[in-house]
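Consider the single chain below, provided in structure tokens and representing the form predicted on its own.
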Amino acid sequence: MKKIVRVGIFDSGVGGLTVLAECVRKLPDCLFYYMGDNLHAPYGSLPPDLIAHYVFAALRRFARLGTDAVILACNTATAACAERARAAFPFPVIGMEPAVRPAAEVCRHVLVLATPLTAGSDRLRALVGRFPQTDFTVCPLPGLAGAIERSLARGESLTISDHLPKGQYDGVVLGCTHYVFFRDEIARFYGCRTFDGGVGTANRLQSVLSHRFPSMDFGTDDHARPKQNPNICFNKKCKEMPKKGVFFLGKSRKINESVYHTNICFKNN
């Protein structure tokens, strides 16, 4: 019997859905479990130990489901506890990092937008320090992730420019997965390219699974794989089809499922 490869994806809310979409496009034959902690979102200003508490509860849930790898689709959670999570669980834990490298390869004056915890983390400082040829400005945005969460999950109005600092840059790094929902608006505000870590994280997942299960085909040659509709979703009523697709978990699974299926970011890309 062919093995079912199970991947858990966790975020503080709906932001990680942007990563889920990239992963389903890259690996459409995997079974994905998505858990968004909408109840406690956003994480950006919470104490690291409290974030770790929420993250570890999710990882224990994924462990009971037999996941083969888990993505922390949250830059804040990665900064707060990724290393502790890797030491505590037997499956690979893949974190999110702001897309500093691809921005540094083509830009010279880069704005990094992030939550306060990510912006002040040693992890981000070390990452930025690896590219001295690029001038990075790191800007913490204490309210934007929460505003996006409320906008997408509850329908509250949001004017994205109210949260953005002014300045002239040739690249903007979206250092929170929530921000990716408004990638086009942010690009227009600054008149330059934006960078996020979704595709890179999906590529990392593909590499991890390929090394973990070398006899299986994870589509390393993307040109040889037919394009498939990423909007596949099975819920708890679909027990007869557990081989691939997406299961939404947690108390707010209906919110996350609704955002995933109705947002234009996930269609026709």
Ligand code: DGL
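Just so we're clear, the structure is a prediction, and the values are computed from it rather than from any experiment. Quick note: we count residues from 1 along the sequence shown, nothing fancier.
Another form exists, predicted together with the ligand; not displayed. Remarks below refer to it.
- Under a 4.5 angstroms non-hydrogen atom cutoff, the ligand in the predicted complex has C74 among its neighbouring residues.
- At the 4.5 Å threshold, heavy atoms of C176 reach the ligand in the predicted complex.
- Contact with the ligand in the predicted complex, defined as any heavy atom within 4.5 Å, is confined among 196-204, 54-62, 35-43, 211-219 to 35-43.
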